[in-house]
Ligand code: GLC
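Single chain ahead, by itself, as structure tokens, in the form predicted alone.
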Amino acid sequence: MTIEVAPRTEGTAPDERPTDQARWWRDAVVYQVYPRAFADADGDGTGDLRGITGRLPALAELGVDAVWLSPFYPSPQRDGGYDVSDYCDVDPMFGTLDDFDGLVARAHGLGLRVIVDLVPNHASSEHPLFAAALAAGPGSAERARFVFRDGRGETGELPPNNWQSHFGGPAWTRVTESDGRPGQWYLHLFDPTQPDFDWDNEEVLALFDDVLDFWLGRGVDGFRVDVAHALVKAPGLPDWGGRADGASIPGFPGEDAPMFDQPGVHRIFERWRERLESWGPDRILCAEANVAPLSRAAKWVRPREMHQAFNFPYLHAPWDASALRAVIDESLAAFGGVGAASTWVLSNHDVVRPATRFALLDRPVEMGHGIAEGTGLDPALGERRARAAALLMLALPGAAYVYQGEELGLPEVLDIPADQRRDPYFLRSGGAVVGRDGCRVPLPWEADAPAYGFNATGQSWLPQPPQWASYARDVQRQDPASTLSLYTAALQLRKSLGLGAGSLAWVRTDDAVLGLVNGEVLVLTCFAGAPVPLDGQEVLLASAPDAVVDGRLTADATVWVRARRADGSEGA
């Protein structure tokens, strides 16, 4: 097959906001750390802040620009720390505020920015404000901070509406009042131990103003905002017959979901943006707003709102040339249309790891649900596709997020015993839903060390499989063909060639091949079919040692080659 390098203008990113063009977040690569599973300094089997601090040089060596920390706040840990009982402290299992300050100082000294997770939709049921709400009773100012309602039915025995929890079952729990009688119901879009705040309440707005200031004062560079699209609910809390997560199904389009993406939510983030800018121009907000289509997601990054929004349609796209082409086009048009850069992502702490997801031979996996042991997989194919997908993603203009272990090519751990699983998806479904534990297993750092270098004692809060040794970072650092070496080389080239700050133009290829030009790089991904001839062009980077055979790109592989000018010479 001959590649016709004829850029198409419809794939080119629109002009950007001039005032933001040089901002770091527009082309940054951000590395997500899940603190419980990254590194454990005290040896108790659970990762901690000092463990993270000690391993930050490895992230600087990898070549990322920033680190995002999943929650480390005081929490009963009913949902992996996303049930916060104190927004302005560190859970003792992770360390102290001094440990946090040391982490930020070390990161900044290495040239890494620090983003922290913020969970504003809901608190833990053990948060003092919720305890006060239970004690104060109906109609009180304390209850008004949360979504309490009287029940339906003759005696209030029915929930206020039919909303369902993300984790299964009703999204409402009835309380027992101080006199012992059944009382009001409170809303929890997630676990019953995660009551939703009422963001129509000025006291809630003021509380989180203080939370922002607390962490900004400790030097953080931004916030990833959990479930950012859920804070404001539709007036009257009407019934909803669609999915609990707001995804569209026949008869119930996601844009009608009354618990998500309500207009009032954007006023909150306009307020937050103004507050961040009072601390300086380079503090950012990143939205976890799982809405579709991308034109809805782009609302979160309009001028004066947030800086980034995760690209969930890209994360969920199948391994298919036309599907990926479509979502890339839609992303550039939607985000570029409001002057923002897209934020690409292949994995996070809620989804099956790419090396396993792409081994499923294109069968979809529900977000958060995981996959069961014994599911038919082709691990070698999954690893090959994951590497090709990474090289494609890192060539796209905009920012990118990398989840810990993605750079090691870690697969999902499928054989965690039921009595050791912690995820509420698993627990609330009685094991019917596998959940997210398989992508949260502690990382392997050294092949021959206890707990593969996660700590010095060999303890681990989730069991590490024996094959972790072959994925260990110290082994991969010595192997130029490893996934770690691929990511390191890709990040170095991405930065030196300015790909994140570049623009995209498509080239004409076969249906099973995706081809694009970004700056001086021609990127080709072959999904299937006959090998693609490269016509002698200089190969800058390939996703696998056998990606290019006899001058041809093979299936399930990506290559970066030096693009040719119109006169046929190579260069920008």
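Since we're looking at a predicted model, the values are computed, not measured. Residue positions are given as counts along the sequence shown, with the first one as 1.
There is another form of the same protein, the form predicted together with ligand GLC; it is not shown, and what comes next is about it.
**Student:** In the model of the complex, which of the stretches 153-161, 270-278, 224-232, 198-206 has residues with heavy atoms within 4.5 Å of ligand GLC?
**Tutor:** That would be 224-232.
**Student:** Answer for Arg357 alone: is it within 4.5 Å of ligand GLC in the model of the complex, judged on heavy atom distances?
**Tutor:** Heavy-atom contact with ligand GLC at 4.5 Å: absent for Arg357.
**Student:** May I ask you to check whether Asp474 falls inside a 4.5 Å heavy atom distance of ligand GLC in the model of the complex?
**Tutor:** No - in the model of the complex, heavy atoms of Asp474 and ligand GLC never come within 4.5 Å of each other.
**Student:** Can you check whether Arg440 is within 4.5 Å of ligand GLC in the model of the complex, heavy atom basis?
**Tutor:** Within the cut-off, so yes.
**Student:** Applying a 4.5 Å heavy atom distance criterion, does His349 contact ligand GLC in the model of the complex?
**Tutor:** Yes, His349 lies within 4.5 Å of ligand GLC in the model of the complex.
**Student:** From the list Trp185, Phe426, Tyr82, Phe130, which entry has a heavy atom within 4.5 Å of ligand GLC in the model of the complex?
**Tutor:** Exactly one residue meets the criterion: Tyr82.
**Student:** Within 4.5 Å, heavy atoms only, which of Phe100, Phe167, Trp344, Phe148 is in contact with ligand GLC in the model of the complex?
**Tutor:** For this set of options, the contacting one is Phe167.
**Student:** Can you name the residues of 183-217 that have a non-hydrogen atom within 4.5 angstroms of ligand GLC in the model of the complex?
**Tutor:** Residues within 4.5 Å: Phe190, Gln194.
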